[in-house]
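Laid out below as structure tokens are two forms of one and the same protein chain, each shown alone and named structure 1 and structure 2.
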Structure 1
């Protein structure tokens, strides 16, 4: 029986930055395999490398060395236009800052996320309303962001990320600006949506309590992947390679 190939395969993936005379090892030799439809939390303190790893997974950045494969494609070999098309068609992004346009309604913010797809107006409205319904905000569709709570604004951002029907949703500290209850509600919503639509969800967070809700939990420290699901990670510090 042929096994299903991994959605992601990272082989010695590194991302270094120069800061003056210093080299910052944001991601340092990570080996990792992620399957389709997984819900994964990447946990670690500020500066651990979790956001940089998320950027590599979302094709927002290229590795300095090593390989990052998505569906068998080496992301490091793709041109800028190919990466832009991949991001548009395959990934949805959610950030700590909701990044909503304050002068647009919730519905218009979701529609703006779909604008690059060149969808006809009627379908654009239908898909955007459906996405808001998915996150329980159809009745708030015509409210401006300033008229919504923080949790509701993040739900609009989730609806925008989902509206393009991505295969992967990547969330960077999606609960960072929310109180604990709203944060837990957002994680529960993402969990339900992942199960319902078969989407891969990857969340970067410093909150151990929220990370514990994910079926798979990765831990980052000083650019290294130090734990995977509570076990010693395959990619650890240099001596383990």
Structure 2
């Protein structure tokens, strides 16, 4: 366990936002250790800092103070292009609003996530179609997002997030815009695929039902990690030492 670095190692990770005179601590001194192939749920009310924490984990943002290590690398010290490289190869994102590119077809949306790899067009298409097949939307490949239901759109987003074979999928309220049935379907799909490909899933949600499916549950309040089901106690202890 000490020989290979943990997937994530957070030490006093803090993210402030300066709004006029007041300082908002969206993430406030989080210590956390995550291992690979975990399915982690981050719970907490709205505004508790879940999204901000996910952004720190996904290298979309840098901590104001503290450290975020991913596979032993301090994300705070990496340059823009290295972060982009990480996002391309190691992270997959799923958003509450699906965030599909509205002018692109389902297929093109998946391709957009693979394009920076610089692979040939034919292979790009092949891999993208395969990813769409995995989420059961092969026949909707040439449909625009506007022609798909919310559940279908989120499945396209899952295909896009997984097509690059990332180490981690970071999902921010993935069911927030879906009815419970398609939300459950989406989560089932996501967890199945993740375990199949050995991908770590970190889901931010305020849906207790969804969080209950996760072996490890973290709870946030006002930017602080307030509860850690499972291995979290150890992590917390280590962080606070």
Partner chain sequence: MFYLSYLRSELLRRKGRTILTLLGLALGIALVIVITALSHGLDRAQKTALNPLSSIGTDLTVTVKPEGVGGGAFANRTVSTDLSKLGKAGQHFSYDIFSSGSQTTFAQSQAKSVSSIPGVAKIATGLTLTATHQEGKVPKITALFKTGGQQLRVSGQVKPLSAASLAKMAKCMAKLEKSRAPTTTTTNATHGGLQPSQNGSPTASPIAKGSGPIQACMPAGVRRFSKTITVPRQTLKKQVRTPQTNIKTSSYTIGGVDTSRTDMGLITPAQVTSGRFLAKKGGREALVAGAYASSHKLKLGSTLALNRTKFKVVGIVQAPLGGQSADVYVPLQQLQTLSGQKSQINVVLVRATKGAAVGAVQKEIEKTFPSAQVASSKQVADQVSGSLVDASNLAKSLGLALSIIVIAMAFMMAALLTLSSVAKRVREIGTLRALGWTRRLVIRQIAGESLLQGVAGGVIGVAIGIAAAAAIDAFGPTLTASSTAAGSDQAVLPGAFVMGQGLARTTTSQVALRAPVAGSIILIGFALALLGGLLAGAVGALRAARLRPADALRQVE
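For the two forms, the rigid core is made up of the largest set of C-alpha atoms that agree within 1.5 Å on superposition. Residue numbers count along the first chain shown, from 1. Everything quoted here is computed from the prediction, not taken from an experiment.
Fill in: Structure that is the form predicted alone (1 or 2)
That would be structure 1, which is the form predicted alone.
Worksheet item: After fitting the rigid core, is the C-alpha of residue 101 off by 2 Å or more between structure 1 and structure 2?
Response: Result for residue 101: yes, a 2 Å-plus shift.
Item to complete: Verify the C-alpha shift of residue 143 between structure 1 and structure 2: is it 2 Å or more after superposing the core?
Response: After core superposition, the C-alpha of residue 143 moves 2 Å or more between structure 1 and structure 2.
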